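The data below hold one chain only, encoded as structure tokens and taken in the form predicted on its own.
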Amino acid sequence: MNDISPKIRLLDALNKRETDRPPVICMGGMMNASIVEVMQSSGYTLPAAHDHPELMASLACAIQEQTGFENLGVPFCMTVEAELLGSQIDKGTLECEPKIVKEAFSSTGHVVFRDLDEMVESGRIRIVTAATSKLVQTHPQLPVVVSMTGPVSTAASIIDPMIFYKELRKNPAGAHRVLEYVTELLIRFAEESIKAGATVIAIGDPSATGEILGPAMFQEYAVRYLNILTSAIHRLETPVILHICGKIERVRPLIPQLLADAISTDAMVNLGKLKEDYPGLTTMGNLSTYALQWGTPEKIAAQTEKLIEEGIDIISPACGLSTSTTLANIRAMTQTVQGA
């Protein structure tokens, strides 16, 4: 029997060490697996688990046990930071994820810069870190992945995105000031999570795509602040996974500049070719979530096999899973990787 723990296997993959096989994970945050089937069978449900550390930890455990993903991932949304920074949040339902109802500020010039020490002691950061601590204590063999929203997406969650994108061009000084502020908050969030025992920090920055920003602004804003955040996490000897949404062709040459230990991409990206072109990258992904929702277990197994054959380092869903995704399809993915 293979005695390599899932935690060691994931850390080996992230540290570019040889592994017996790829880990298969679902990192949480924007890419969580809190599907209705798991919640109904376990009794641990959303939206309640967003606000209670015991429920958050219990739901993370139920997801791992029922799906076969080889990690525990918290939280289950991308609104922790936005809510803390003042945006109005709808916590959603069993079937619908939380969303931002109204951004806190009308422009970069109206952002209120609050004391960061006070902020990390309030809001749901403490719920996430308490859940993390519990998971670390009860499941020492499993990696605990704490997911957070990237800098550009966090800024675009407190200022109307269309206004914020315009200000990236028209008011770069104001945009940089806001991005410095939210990046420092994210660093504090990461620090508290690592103190609680997080194995890995995962960052999802869906508002910072090459399609939206273009190469110049991707370089100036996305690469710059993602690397500031990643470097701060690395100083705490913790690896970082970064998920980039959408097509990456326009910013493809910039991907190797990102300091994250693994790059996760959407399903439309040829991850095998990306790995071939940039052999130094540790690749993660990118099984279609559309296929996971609507496909058959046989098709899921075949697509998973293809990713393994291409040498993808960490197997995972390509983006956020629909809450109606079936356990049968998810298990087809995890069991194929595990050789069941």
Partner chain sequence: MNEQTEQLYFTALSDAVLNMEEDTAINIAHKVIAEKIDAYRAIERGLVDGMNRAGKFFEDEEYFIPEILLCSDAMYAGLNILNPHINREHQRSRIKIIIAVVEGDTHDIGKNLVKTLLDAAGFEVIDLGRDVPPSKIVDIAIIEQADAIALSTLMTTTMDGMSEVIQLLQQRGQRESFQVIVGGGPISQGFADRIGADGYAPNAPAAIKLLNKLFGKNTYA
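Numbering follows the first chain given and starts at 1. Model, not experiment: these values are computed from the prediction.
Although it is not shown, the form predicted in complex with its partner chain is what the next lines describe.
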Position in contact with its partner chain when the complex is considered in the predicted complex, options 110, 169, 235, 195, heavy atoms within 4.5 Å: 169
Non-hydrogen atom contact residue 22 with its partner chain in the predicted complex at 4.5 angstroms: no
Taking heavy atoms only, is residue 180 within 4.5 angstroms of its partner chain in the predicted complex? no
Non-hydrogen atom contact residue 96 with its partner chain in the predicted complex at 4.5 angstroms: yes
Residue 261 versus its partner chain, in the predicted complex: is there a non-hydrogen atom within 4.5 Å? no
Heavy atoms within 4.5 Å of its partner chain in the predicted complex: which stretch among 118-126, 181-189, 133-141, 211-219? 211-219
Where, within 271-302, is there a heavy atom within 4.5 Å of its partner chain in the predicted complex? Residue list please. 289, 290, 293, 294
